[in-house]
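To begin, one chain is listed below as structure tokens, in the form predicted on its own.
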């Protein structure tokens, strides 16, 4: 099978569905170990290292987050938070079969709810994907909040 732009787009939809269904351990398997999950603090922020971010998670921190979300003794998650991604069809901005490097840009609404509280975030997600042993993997993911300069409560799950 030859990889197409539609395969890249399906991958983004599949990732969102995994998160909505709480399949966080499967979601971890989508990542390459050296990848980063980044949510900048400032709109259009350029640097995750020299400027504070809402989160900048490496493999260890992603696994720790999923362990907490899946844990039975995570009392702040009783009952567990739920989320829903409403995504626009992703744009494939870079498609390089020779190097196995792909970049997507996806606008979405992210809804998170727990008990009587629900909030909505408008975001743009940029995925840097790599082809590893014939499978797409997330090398980096940047989630940019449209209103990143607002005051937020806890974002429990994974936009």
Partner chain sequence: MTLTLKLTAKDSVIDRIDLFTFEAIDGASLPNYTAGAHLDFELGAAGTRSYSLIDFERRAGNARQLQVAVQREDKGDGGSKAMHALEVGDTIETTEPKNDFELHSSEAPTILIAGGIGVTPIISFAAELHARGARYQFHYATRSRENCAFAGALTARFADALTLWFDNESQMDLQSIIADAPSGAHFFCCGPKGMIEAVRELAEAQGIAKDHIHFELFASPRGHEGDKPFEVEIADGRVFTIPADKTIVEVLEAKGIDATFDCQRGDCGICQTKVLGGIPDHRDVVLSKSERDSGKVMQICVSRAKSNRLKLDIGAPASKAKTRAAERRSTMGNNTTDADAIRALVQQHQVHRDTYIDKEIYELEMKHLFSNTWVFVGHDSQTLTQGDYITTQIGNQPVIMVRHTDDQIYVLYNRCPHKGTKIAIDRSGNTGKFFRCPYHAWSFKTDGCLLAIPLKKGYAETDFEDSEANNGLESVGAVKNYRGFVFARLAKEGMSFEDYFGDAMSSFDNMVDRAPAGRLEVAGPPLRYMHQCNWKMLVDNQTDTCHPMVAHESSAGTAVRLFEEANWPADKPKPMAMEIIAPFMSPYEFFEEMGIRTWPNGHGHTGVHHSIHSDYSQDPEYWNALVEAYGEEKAAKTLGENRHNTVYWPNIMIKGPVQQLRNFIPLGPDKTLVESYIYRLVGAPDYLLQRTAMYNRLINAPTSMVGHDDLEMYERAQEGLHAQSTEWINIQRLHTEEEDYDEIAVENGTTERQMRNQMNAWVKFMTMSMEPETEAAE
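Numbering follows the first chain given and starts at 1. None of the values given here were measured: they were computed from a predicted structure.
One more form of this protein exists, namely the form predicted together with its partner chain; it is left out here, but the text below deals with it.
A.B. asks: Since the chain is shown here on its own, which stretch among 103-111, 43-51, 126-134, 90-98 would lie within 4.5 Å of its partner chain in the predicted bound form, judged by heavy atoms?
C.D. replies: Every other range fails; the passing one is 43-51.
A.B. asks: At 4.5 angstroms, heavy atoms only, are 67, 151 and 156 all close to its partner chain in the predicted bound form?
C.D. replies: The answer is yes: all three residues contact the partner (heavy atom, 4.5 Å cut-off).
A.B. asks: Does residue 30 make contact with its partner chain in the predicted bound form, using a 4.5 Å heavy atom cut-off?
C.D. replies: Answer no; every heavy atom of residue 30 is more than 4.5 Å from its partner chain in the predicted bound form.
A.B. asks: At the 4.5 Å heavy atom threshold, is residue 61 in contact with its partner chain in the predicted bound form?
C.D. replies: Heavy-atom contact with its partner chain at 4.5 Å: present for residue 61.
A.B. asks: Does its partner chain get within 4.5 angstroms of any non-hydrogen atom of residue 78 in the predicted bound form?
C.D. replies: Judged by the heavy-atom cut-off of 4.5 Å, residue 78 is in contact with its partner chain in the predicted bound form.
A.B. asks: Going through 83-106 from first to last, which residues have a non-hydrogen atom within 4.5 Å of its partner chain in the predicted bound form?
C.D. replies: Nothing in the stretch sits within 4.5 Å of the partner.
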